[in-house]
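The chain below stands alone, shown as structure tokens; this is the form predicted alone.
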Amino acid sequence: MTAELQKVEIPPQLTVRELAEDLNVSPIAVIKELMNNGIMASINQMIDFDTAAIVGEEMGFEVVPVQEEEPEPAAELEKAVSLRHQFIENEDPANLEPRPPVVTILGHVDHGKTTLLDTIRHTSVVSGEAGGITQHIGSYQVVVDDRKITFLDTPGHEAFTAMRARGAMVTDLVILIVAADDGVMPQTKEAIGHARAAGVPIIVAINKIDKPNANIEKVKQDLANEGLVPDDWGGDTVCVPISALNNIGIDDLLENILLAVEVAELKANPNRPAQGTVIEGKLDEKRGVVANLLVQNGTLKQGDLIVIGTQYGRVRAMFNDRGQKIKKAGPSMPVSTLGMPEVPQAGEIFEAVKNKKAAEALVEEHLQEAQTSRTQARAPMSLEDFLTRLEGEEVKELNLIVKADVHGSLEPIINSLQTLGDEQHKVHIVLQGTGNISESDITLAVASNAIVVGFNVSVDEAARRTAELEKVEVRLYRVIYKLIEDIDLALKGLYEPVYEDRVIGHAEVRATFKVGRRTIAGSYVTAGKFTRHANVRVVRDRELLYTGEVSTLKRFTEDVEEVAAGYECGISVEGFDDFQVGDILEAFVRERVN
């Protein structure tokens, strides 16, 4: 009697390594079997189902295709696509269950963040998971009094806010770590601004209290100066003294975390397909594409088909933060997954779908969104459209990031700004600090929809490029009263920018010719340059004849973006056809000067 072959399900395409994992055999054995069938393949090479089936059958397995569920009706598919970013907002409250909080630790570079994370991890690992190989997956879980807490490990507040700027809402609480022997530093202030931009509560961990020069009261005073008034001073900011190095006060900190999130009643629906955020993506030489994910709603299972951005793949293997292979992961659980075709970007949303048809529909919508975002640039927040942009809101807040050259300048600016407006129109200082405007400031402005204002400072080159790309308004001032006046006018809806014309080039008309109904001025650029869509003045015998816009700019028969001095070109001007040889054309652009 012939023994029944073991049945193995595989997808339409997979790598040699993945086939070996599915068959539970060595990749070398699979490569040898492929060679026996005349196929030379490396361990990471993709093979189709037919090839995989032949190999599997030769090795004693019955290989069958993965059984996908029946396609959803069109209406159900459309509904599934439209809900992808909403997570629990549209969930039936009866289906929601408590979930662990997700916590991020931010602070100055030398104030002990890494030590605190290590201490918490090694003293409170999830029960039963000790002994596994530690994996850096961007986050991990601990257990306190039978309750789990997820810690999100970001490289710094810039990375934290970069994820926020891409729309990733992953953090429920921020732990701000401040060294007792150092106090609030510039990076601490930045971290406070980034935490506030995320709109999450803050608990302060005052670290290094065992150092001889520790001064807890000074730290509390520094915090109060930044608007974080300690609870024992009558404020609402919880401050916990700790020593991360010597494991002092850690239990107290963890208990305060649980107390802080009790009020929020954090919940999710574990009985639905998973949704969440990519924490990190990388390419591993041995395992291929690794996607580190944070499940935020639903339950992720091995074998699930997930969509991330414009790609989709099946979760072929899943590991927890201890490196142990797992079959499923519920809300607030961090996992490392294998199976995506390309490395995803941190901050991207992932969602599990029922079948390939639903995945393709979701990818198609993402592609359309990407196309739309390329053609419709981000609408920047600016002073002149402040009230218009917030039409209909009862309270209108103008978010500002304020940088000054020295603290002596910063203090009066902040004090003056905070007196502006009324109950309906207010200034909200997202971040204040000294020094030049950095790329981190611009990233924070994107996340918080803020305007960056600088006094006697400059803009770093990387910050300038990012501001241009992200359409962030950066305003520089040399006079304090002018800065205050502009913000005051914006709050009152009276701000009107001032523009000046800047000449960028001159050209002489040397010939004219007709193209259809239009007259083209064959010209020689004598100075500067001409660009498409620049403004142009037509001057004849030193008298201004016409001012309009360049409608076409050609070199021979080709349309070009610009023509530099010393070259000939054909120029037409919108609304003007009466060119004569000898006319002078002056190109200029309008630039805002306030």
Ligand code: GDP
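Just so you know, these numbers come straight off a predicted model, no measurement behind them. Position 1 is the first residue in the sequence shown; the rest follow in order.
The discussion below concerns the form predicted together with the ligand, not included here.
**Asked** Given that the ligand is left out here, which of A462, V109, V479, L367 has a heavy atom within 4.5 Å of it in the predicted complex?
**Response** Selected option: V109.
**Asked** Within 4.5 Å of the ligand in the predicted complex, heavy atoms considered, which of T237, N269, S243, N399?
**Response** The residue in contact is S243.
**Prompt:** Would D210 sit within 4.5 Å of the ligand in the predicted complex, counting heavy atoms only?
**Reply:** Yes, D210 is a contact residue.
**Prompt:** Is N320 a contact residue for the ligand in the predicted complex, using a 4.5 Å heavy atom cut-off?
**Reply:** It does not: once the ligand is placed as it appears in the predicted complex, N320 has no heavy atom within 4.5 Å of it.
**Prompt:** With the cut-off set at 4.5 Å between non-hydrogen atoms, does Q418 touch the ligand in the predicted complex?
**Reply:** Result no; Q418 lies far from the ligand in the predicted complex.
**Item:** is_contact(N456, the ligand) in the predicted complex, heavy atom dist at most 4.5 Å
**Value:** N456 lies outside the contact set for the ligand.
**Request:** Could you tell me which of 283-291, 322-330, 425-433, 109-117 sits within 4.5 Å of the ligand in the predicted complex, going by non-hydrogen atoms?
**Result:** Among the listed stretches, the partner-contacting one is 109-117.
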